[in-house]
Structure formats: C-alpha cells, structure tokens
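The chain below stands alone, shown as structure tokens; this is the form predicted on its own.
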C-alpha cells in the first residue's frame, strides 16, 4: 500500500490549493516544497482578487464571470485576507474613450450581478477625494468594486488547512528522483535527510520549475509552456485612503497602484518574456523604470528609481490566465497531473478541476472548499472592523494598527497567539514595531516558518520597516526557539 494517495511537488498557490481540497475530501496527501511556501511566483503576484476588468476587452466574458464568482467565494471564506476596495480608473485623453470604459464596466457589473459589493460609478476628480493625489489634467474617473488579497498568506493558510485535515506539509524538502509504475516512488531530501515516499498519484505543481522537474526528476517530457517575468515595486505611500488606482498605460496594459501594508504603495505589474532559471528572476532597471513611468503619468508626485524601497519578481506562464492542468495518462501507470500558472482568483476552482481529472482513479466526495472558511476566516467579510474592535476590547494593550495587522493576518485565530496576555510584556521579545515572540512561535509551529525571511517577507511584510538589528535578533530567537 502506498504511503499517501497524492504527492504534490511545489508549495505555491496551485500546490497548496490542491492539498487543501484533496485532504478535505479524505485523501492522504504529502506536499513537498524545496524552499518556503509561496516563495516562487506567488511572491510576485499582483495582490488582486478580481474579475480582471480588462479581460472584457479581449472578449473573455465567460472567464470574467467565473473569476468574479470565485472572488466572491474568496471574500466569504477568507475575509481577513481578501478585502473589498474601490478601484478608481482615471480617464486619460490618450487612452480608451470614456464611453468604451463605461460600456465595459456596465458589462462587468452585469457579470457580477449577485455580488454584495457596490456598483460602479462616475467620479468627478476635481471634487472627489480620489483626485487629490492625481494630476489636475485628469478630470474624470470610473470607480468599481473589486478586492485585494495577500497571496503569500493565502498560500500558507491553504497549506495550514490541509495540514489540519491530515496532510503532511514539508518545506525545505526537495524531490530529487521519481520512479513510476503502478505507484510513484519518490526520493526526497527533507532538510538534509533522504527519505522515500510512495504515492498513488503525483501532482507536479512546481510552477516555473515544472519543466526542470519533469525532465530531471520525473524523466518525462515536459508540458510545453512559455513564461513571463512579473515585476512589482514598493514605494512610500503615494495617496491617502484605501482606493486602488487602475492606470491605463501607453502600451494598452493596466498598471495598479495599491495601498500596501499601511505606509506603502505597491505598483505593478511589468511583464517580460523569460526563459532563464526561475530562481534568478529579479526586477531589472527597465522593469522599475517602466513602473515608475506608468505611475508618474497619473500622480502629482513623480516616482523615480531612487524612490523604490523594495522590488519583487517571479515567473508565471504566459497566455494562460486559467492555468494549465494536464493529466498524463499511461495504461498501468500511476497518474501524473501537471499544473502551471493561472490567476490567483481562480486557484480554488483550478484545484477542483485538477482533482476532477483524478475522479476515475479515486472515489471522491464533493469539494467543500467553496463553503468552508480558511483558518481564521470564520466571520462575515463586512465585520472586519468589528473584529478589530473586539480584539482591542479583549487585549486593551493593542494599538489600532497592531490589532488591524493581526486581524488581517490571522482573523479569529488571534486568540491562539495572544491567549491570556494582559500586556505587551506578556508577548515576549519584540522585533520591530509589533512582531512579538509569541507570534513568531505561532508562525513556526502552525504556519511552517523556518527562517526570518519566511516571516518578514511572506507571512508578513514587516521587512519593509524592520531594522537590521531587529532582523538579526529575530534570526537568533528563531534559532533557539
């Protein structure tokens, strides 16, 4: 008998989503990630949980409708990670005509007819507060509702939910060899120790590494896919309020300026074809200049390369917003699924599609991922503020900012971190503004964090403000915790 039903190579959003769905249906699951969860392409995803309005221009109305439905599901099951926002699209005299944009948003609203979010509207930027940070030449904008999301925490919580349902989540575990017969036999180097795992089915969800895994580990032809490097930059906060600005660029692409972890603005994305080692993907000077120029066309404050505090890049499959889900069928051989790319918004549904391709191999009950909340997400999406208020009443030493960060990260699981604490002193050593020892221990025991980078860049973005001294203290603490 095989050790597990499904082995998954890759701990990005695709791999973690399949692990959660499969474990929730009673399958024995093992996931192997060579680095940290969400450390590949997910780390450079655009922080959007949306229908992608511009897809209508490409004639993809059905794709938009499906994505909007998934957006609303995500808002219900992960209200701490997925937050509604007003998206402001300024009308630019050199870009799409206002009538064209209005028509597109009318269709967008129809496709989201059952959504609880507000409808689109026209804004006069000369009087609306959304125009205060924009150039005076921009007089009109269209506003509509969509959502933002913390993708790396979305990956981690999918994996945590899978683990709670019995899945084995192994980070720092690299699959180095595989043999296929009636079952899969995998050799895994797990944190320096070699082990063998057998599985009835295998999912290659290694993203931009899928070709490398197929050819050097599985010894099979790789699924054909081309990749782009996706880059984003972080600058000091450019505008007040929580609006997301949708900027029509002169190459017909949309660039987004998004409020980012309280004091910053995320600007993205730049996309360029990429064929190298995914581990070497980084935002180039040209990528940074492109994003700075796109933002500077609209905002009064000009952004230069010197203003960039942090840049991120990762690889994604080009031309496949739905992603690639392909089953390799060989008579008498254990099945292989390959998953590459796809939008963040539709990852949950993509996992359902992947498991449907194994329906003839496993007896599977229906998926419940659309109705069961992710860890900490068992509250209404429109009660986020109430959750913050309740936390501050329970733990009176929390500042407003601290409580908001904890609820946005952990939702109702804040109880597991703070417990019976009566003061900040009860939370152990402090690293930076408000990262505490008890939170670090929680991340290590419950969310698979091993190193400081795992915490300050993926489970939070506190690396943007943390000093080198605090970072070194955190590394020391984690090494002895």
Ligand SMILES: Cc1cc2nc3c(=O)[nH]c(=O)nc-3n(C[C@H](O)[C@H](O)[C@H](O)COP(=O)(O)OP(=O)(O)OC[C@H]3O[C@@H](n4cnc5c(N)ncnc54)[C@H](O)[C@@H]3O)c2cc1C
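Residue numbers count along the first chain shown, from 1. Quick caveat: nothing in here was measured; it's all calculated off a predicted structure.
This next part talks about the form predicted together with the ligand, which is not shown.
**Student:** Hey, with the ligand in the predicted complex, do 265, 460 and 462 all fall inside the 4.5 Å heavy atom range?
**Tutor:** Heavy-atom distance to the ligand in the predicted complex: none of the three under 4.5 Å.
**Student:** Considering non-hydrogen atoms and a 4.5 Å limit, which listed residue (435, 27, 44, 443) is close to the ligand in the predicted complex?
**Tutor:** Looking at 435, 27, 44, 443 one by one, just 44 meets the 4.5 Å heavy-atom criterion.
**Student:** Identify which of 350, 80, 153, 71 has a heavy atom within 4.5 Å of the ligand in the predicted complex; exactly one of them does.
**Tutor:** By the 4.5 Å heavy-atom cutoff, the listed residue in contact is 350.
**Student:** Taking the partner as it appears in the predicted complex, which of 90-98, 354-362, 198-206, 234-242 has residues with heavy atoms within 4.5 Å of the ligand?
**Tutor:** Every other range fails; the passing one is 198-206.
**Student:** Answer with yes or no whether residue 230 is in contact with the ligand in the predicted complex, where contact means some heavy atom within 4.5 Å.
**Tutor:** Answer yes; at least one heavy atom of residue 230 falls within 4.5 Å of the ligand in the predicted complex.
**Student:** Do residue 342 and the ligand share at least one heavy atom pair within 4.5 Å in the predicted complex?
**Tutor:** Residue 342: contacts the ligand in the predicted complex.
**Student:** Is it the case that residue 53, even though its partner is missing from this view, gets within 4.5 Å of the ligand in the predicted complex, heavy atoms only?
**Tutor:** Residue 53: no, not in contact with the ligand in the predicted complex.
**Student:** Just checking whether residue 9 would be counted as a contact of the ligand in the predicted complex - the rule being heavy atoms within 4.5 angstroms.
**Tutor:** Looking in the predicted complex, residue contacts with the ligand include residue 9, since a heavy atom lies within 4.5 Å.
**Student:** Under the 4.5 Å heavy atom criterion, name the residues of 300-317 that approach the ligand in the predicted complex, in sequence order.
**Tutor:** Residues within 4.5 Å: 314, 315, 316.
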